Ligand SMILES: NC(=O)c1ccc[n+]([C@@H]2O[C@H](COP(=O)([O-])OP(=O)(O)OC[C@H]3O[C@@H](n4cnc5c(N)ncnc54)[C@H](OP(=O)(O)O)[C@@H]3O)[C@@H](O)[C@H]2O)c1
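Listed next as structure tokens is one chain, alone, in the form predicted on its own.
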């Protein structure tokens, strides 16, 4: 143990963008960080398939052991394993193997935590070791530890998060420049905000992974990815951006949590947000988390949600905190459920969620079409609050019709949409459906 040797030994798995940033911070600030931890921090091993190449240009490596075998991190000379390889199976084997051998773990692996977070927490608690996961959500924004430690007197009533910088950059570009989705996506790629395959980001799945981690930490509620309704931004069009602006709204991809008695709404999808709300002004590749809490009221956390140094900062913070605890022999892992978590919480089915809706149809420009849509909506108890039809086309081409609804259940809206879709002469394409969030506070 580090306390016995007067040091805490670190092993790092993965020297990609974040891993290299962690290495740089730990090497350059070794003395300062060791002082903050109250014990000498020493990197003893780095594991990566291309470690030799990825370590080129780094100084102060000294006698650092470099390996391509993850099992080398399970050797007795490593106290804290820093997992930054991503993926699931290899990372799972490394994390569970480390915990079984009573090694503390720091990870940024949101995908793994979203599916196995409860099991990882339980094993870490059983083994009496540390578990750091700050870097898994929000990059450099200190969310996890604030929720776990600083807000424990609160009950969570609502959570709204912009948790994916790629999607946020794309939507802002569409809003500011009035350009189509495909062009905004290309700009995101050119600036390095979008991966070669951006599916995980634009589909909402990356945001859903992060939401699962937040739910687990805050409420000890681990629904799994399949229980989080997830919808991406691929169908958001310039037309919807323009109509939103006319309505005083901005479209954002939000992670949403609401407490409904002993049940929890948890969903990810595009949302029309009022321009006056703080989240409407979170732009570029930045992230933000807006919490509605019983004692403090609303809180907003804002900052860089990705990138080498913001994320590395979170990894190093966890490492220093755990190392200090190990050195003093007083480290205790706070269990999940900081914000009034209850073991009996259940998910609210998406069909039972109630909200307002923005609906856009492309309809034939002939008399009676809007009336047919309104009748179908009314047949299923969906009340219209506003109708917008700006354009007419004498050439017979389809024109946009926008309807805003009062609050209604998702299942009622879906039933109405099914009836409307059966009116083949009305529709030129499936309707655009975007939910509207007014916010409680």
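Values in this document were obtained by computation on a predicted structure and should not be read as measured data. Residue numbers count along the first chain shown, from 1.
From this point on, the text means the form predicted together with the named molecule, which you will not see here.
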#### Entry: Residue among 213, 327, 266, 84 with a heavy atom within 4.5 Å of the named molecule in the predicted complex
84
### Query
Taking the named molecule in the predicted complex as the reference, which of 167, 311, 114, 98 has a non-hydrogen atom within 4.5 Å?
311
### Query
If contact means any heavy atom within 4.5 Å, which of 349 to 357, 106 to 114, 225 to 233, 168 to 176 contacts the named molecule in the predicted complex?
106 to 114
### Task
Give a yes/no on whether residue 135 approaches the named molecule to within 4.5 Å in the predicted complex, heavy atoms considered.
yes
### 4.5 Å heavy atom contact, residue 307 and the named molecule in the predicted complex
yes
### Query
Applying a 4.5 Å heavy atom distance criterion, does residue 11 contact the named molecule in the predicted complex?
no
### Message
I'd like to know whether residue 54 contacts the named molecule in the predicted complex, with contact meaning heavy atoms within 4.5 angstroms.
### Response
yes
### Message
400, 420 and 423 - do all three of these have some heavy atom no more than 4.5 Å from the named molecule in the predicted complex?
### Response
no
### Query
Looking at the named molecule in the predicted complex, which residues in 18 to 48 have at least one heavy atom within 4.5 Å of it?
18, 19, 48
